[in-house]
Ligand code: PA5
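In structure tokens, one chain follows: the form predicted on its own.
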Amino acid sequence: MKAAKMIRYDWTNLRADVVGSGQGLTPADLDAHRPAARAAVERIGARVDRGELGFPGLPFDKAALAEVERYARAQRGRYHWVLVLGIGGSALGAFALDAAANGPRPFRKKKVPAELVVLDNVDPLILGRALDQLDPRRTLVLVITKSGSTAETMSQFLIVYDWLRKKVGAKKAARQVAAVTDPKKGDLLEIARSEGFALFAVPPNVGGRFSVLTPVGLLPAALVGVNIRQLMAGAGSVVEDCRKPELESNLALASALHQFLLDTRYGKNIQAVYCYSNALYPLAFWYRQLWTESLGKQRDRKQREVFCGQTCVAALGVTDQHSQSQLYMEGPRNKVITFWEVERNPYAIRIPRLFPKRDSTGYLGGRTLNELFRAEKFATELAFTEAGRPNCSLVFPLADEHAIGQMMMLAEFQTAYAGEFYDINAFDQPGVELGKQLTYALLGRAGFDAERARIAAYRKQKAALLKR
């Protein structure tokens, strides 16, 4: 069997001798941080070996993969929609996998086992319209929350499950729900057991935004026809390299160090992921959550205030050449651009030789849309480089399951290593937790009296200021 191609990383245009002194990396920058890079690999590797970090082992968990495949086979042909109730890491990965494998919306593969609908917000407009338009008899519901108590997901669940029960009856409704949550604790676990839902576990040592290769992402993906075996094979194919201590042999380690140095040494505190593929564009939003929620921290491990983290934004090529590129070319020099591109497209579309005497059409006739697309990316890359704007490229052999699996594992290791360079905990999210606690207090959840007092004081202060 022919070996699958691997994602390539071209960081030539991150170098100071290409984009200019003070704008890019020098050999001295990298050499000075080689000991830190080796130490980062050792620390993350030790945590993996102790079982504290579970994401690198997920591609090799054959039992979990088989369990998901059995369930997906049993549901094949029974439902038209797979409705995912989740938010953040419980939703973004499934959406990215579906788009890459089945095509971006609204134009999809001609035939998929079911259509994915991801409700990752509690905007009443979205949920209301979904329930208006979905057929409850042909809808399989996946409720996904590792904690089993996320307010947004649990509110969605209460509404959707009540809708199902009223439309198809209590017994059938329970057969149309699967839950993905912690295997040992949480309200969703208890509800799923009492109602008789199909139940899938998120390993305790895998955090929410690192959980796409658990049933969190695998279950919805398998139900809509994604080849999850190829996905896991791709992810597993890069794990060994991701644990190597040399920058030259470890894409995840090198890219983490590059972004860290560009941020902390050269002021590039915004990473723009410029995605030249509609199929990969949703993956950029999955990556954005992984990178920003993991690395945006007020304090380091010694509890010093550091306010670190690199903002990540998503751009779509060539669409955003006509919007964001102006800012990236001539705006503040605080950005590094990471291009994502695909070597091979399943379509080759020739441009007809119509209106050959017109200046704006004559040169296009006889060429292909593929040539135009590649030229647009190359021209944008060159323009940024000549303007002294550092940029790099991740080149996917295809927008398929194997390559997406590679990318997801590389990104998770990259994020873990970046956390070591910043000396922060990349696996918690204290800033997000405060917002959750205040929301619980506003809605009357027990045990949040201190937060209710804070809210009352804030409202009093605001009212006084408005009277001035």
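In this text, all values refer to a predicted model and were calculated from it rather than measured experimentally. Note that residue numbering begins at 1 and tracks the sequence as displayed.
The same protein also has a form predicted in complex with the named molecule, omitted here; what follows describes it.
_Triple contact flag Q23, T264 and K335 to the named molecule in the predicted bound form, non-hydrogen atom at 4.5 angstroms_ = No.
*Of these, G234, G317, G89, P282, which has a heavy atom no more than 4.5 Å from the named molecule in the predicted bound form?*
If I apply the 4.5 Å criterion carefully, the residue I get is G89.
*Heavy atom within 4.5 Å of the named molecule in the predicted bound form - residue from N345, Q75, S147, T385*: Of the listed residues, the single hit is S147.
*Would K436 sit within 4.5 Å of the named molecule in the predicted bound form, counting heavy atoms only?*
Yes, contact at 4.5 Å.
_Can you tell me if Q289 lies within 4.5 angstroms of the named molecule in the predicted bound form, counting non-hydrogen atoms only?_
Judged by the heavy-atom cut-off of 4.5 Å, Q289 is in contact with the named molecule in the predicted bound form.
_Quick check on E381: any heavy atom within 4.5 Å of the named molecule in the predicted bound form?_
So E381 does not count as contacting the named molecule.
*Quick one: is H258 in contact with the named molecule in the predicted bound form, heavy atoms, 4.5 Å cut-off?*
Residue-level check for H258: no, no contact with the named molecule.
*Okay, which stretch from 166-174, 116-124, 297-305, 205-213 lines the named molecule in the predicted bound form, with non-hydrogen atoms inside 4.5 Å?*
Result for this chain: 205-213.
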